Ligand code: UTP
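Taking the form predicted alone, here's one chain by itself in structure tokens.
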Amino acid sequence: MNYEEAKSKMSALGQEHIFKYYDTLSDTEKAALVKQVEETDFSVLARIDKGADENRGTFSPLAAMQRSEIEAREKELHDAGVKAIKEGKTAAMLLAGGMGTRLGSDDPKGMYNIGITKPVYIFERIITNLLDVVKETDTWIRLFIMTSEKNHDKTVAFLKEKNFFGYREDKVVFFKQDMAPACDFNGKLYMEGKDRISTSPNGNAGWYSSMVRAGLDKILTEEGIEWIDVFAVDNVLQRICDPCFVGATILADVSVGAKVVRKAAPDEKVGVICLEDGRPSIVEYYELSDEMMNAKDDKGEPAYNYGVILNYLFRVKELAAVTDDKMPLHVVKKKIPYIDENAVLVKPSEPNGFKFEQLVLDMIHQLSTCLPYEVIREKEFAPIKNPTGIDSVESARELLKQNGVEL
């Protein structure tokens, strides 16, 4: 796309103001702005008044496969999973677009060093966990890594410098998450600089549409991949493509498997797997009524007792159903930095516009069936969101040490 084409595209959208300072830019800056116009999905702007209906449906419990059943069927589940992995039917998808800002780092979050006596990086722990399955099954698993505009180059350079921590480079594919534009309450695009439209990642459900836009769905077809284990970068204990989870999901013949942990308390701040209007869904902790928190199942246990940990095994052939306009678009009011009419950067103290996101909970709800699969919290759930306290570097270090990881 050249400048004239970019200008024509934005004029048709009534957003020609983004080129206000074009003539003052360097050639490099001009090229970057034109490229951003080419790569950004502006169709979300037409959906400002057609965002997700925030009125939820009727919730009901969804039974999980509990540890007792998993342990009783361990060989059956494990063998089914190993078979699928050996046949190349399973891939891994690492969502790694975030930065380590909350941890006090300007680098990609996966580059954060959690070691005490030696360097131990978040990326290193994730890849080591996947390598456990590679070694167990004697099969290399295709690993997709989704980055973002802000951290792509650093992520790729870091992993290459570290020789992918022992993973085969030819089995790794990088791609960038699609970015959604940010606008004011009237739909006018914000500029975060003279040469840059304000954008943000398109939500944690954007991994598949971003993958398709990058043309990587061809790999799924060519390699006969039927299942993708999708997981976030911040949980350093999670098991990825582990055979029992893969086997359980396949044998249950469901659209998606979801790893879950028993809630530490009825009011724990985690999303809960459930049914919504008869379809699998996730209800956020702040949406749980007292009645739901106190509801019991037929065994006398809490009915809404399993929190999701953002580790899902999706059946590839059903993913096409969640890439079209049926997926709700969450139009979220946010504080968006922007340059004013004098090109001075303004950092608002109150929400001043909209960002656009698609969320995994809606992705799950678009599918027909789901298997919640219980894992042991202390063995598979060590998220790093803060430097100290709950879900922190400190708490993750303690859990890693409990599991025999040297730091």
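What we label the rigid core is the largest C-alpha set whose atoms superpose within 1.5 Å from one form to the other. In this text, residue numbers run from 1 along the sequence as written. What you are looking at is a predicted structure, and each value in this text was computed from that prediction instead of being measured.
The same protein also has a form predicted in complex with ligand UTP, omitted here; what follows describes it.
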Contacting member of Ala182, Val233, Cys244, Leu159, with respect to ligand UTP in the predicted bound form [4.5 Å, heavy atom]: Val233
Listed residue that, although ligand UTP is not shown, lies within 4.5 Å of it in the predicted bound form (heavy atoms), from Gly257, Pro280, Gly271, Gly97: Gly97
Within 4.5 Å, heavy atoms only: does Lys188 come near ligand UTP in the predicted bound form? no
Non-hydrogen atom contact Thr101 with ligand UTP in the predicted bound form at 4.5 angstroms: yes
Applying a 4.5 Å heavy atom distance criterion, does Glu357 contact ligand UTP in the predicted bound form? yes
At the 4.5 Å heavy atom threshold, is Lys109 in contact with ligand UTP in the predicted bound form? yes
Listed range touching ligand UTP, judged in the predicted bound form by heavy atoms within 4.5 Å, from 283-291, 198-206, 161-169, 247-255: 198-206
Contacts from 370-390 to ligand UTP in the predicted bound form (any heavy atom within 4.5 Å), listed N to C, are Lys385
On a core-based superposition, does Pro302 travel 2 Å or more at its Cα between the shown form and the other one? no
Against the rigid core, is the Cα displacement of Ala180 between the shown form and the other one at least 2 Å? yes
After superposition on the rigid core, does the Cα atom of Met99 shift by at least 2 Å between the shown form and the other one? yes
Look at the CA atoms of Ile336 and Lys150: state whether they lie closer or farther apart in the predicted bound form than in this form, given a difference of 3 Å or more. closer
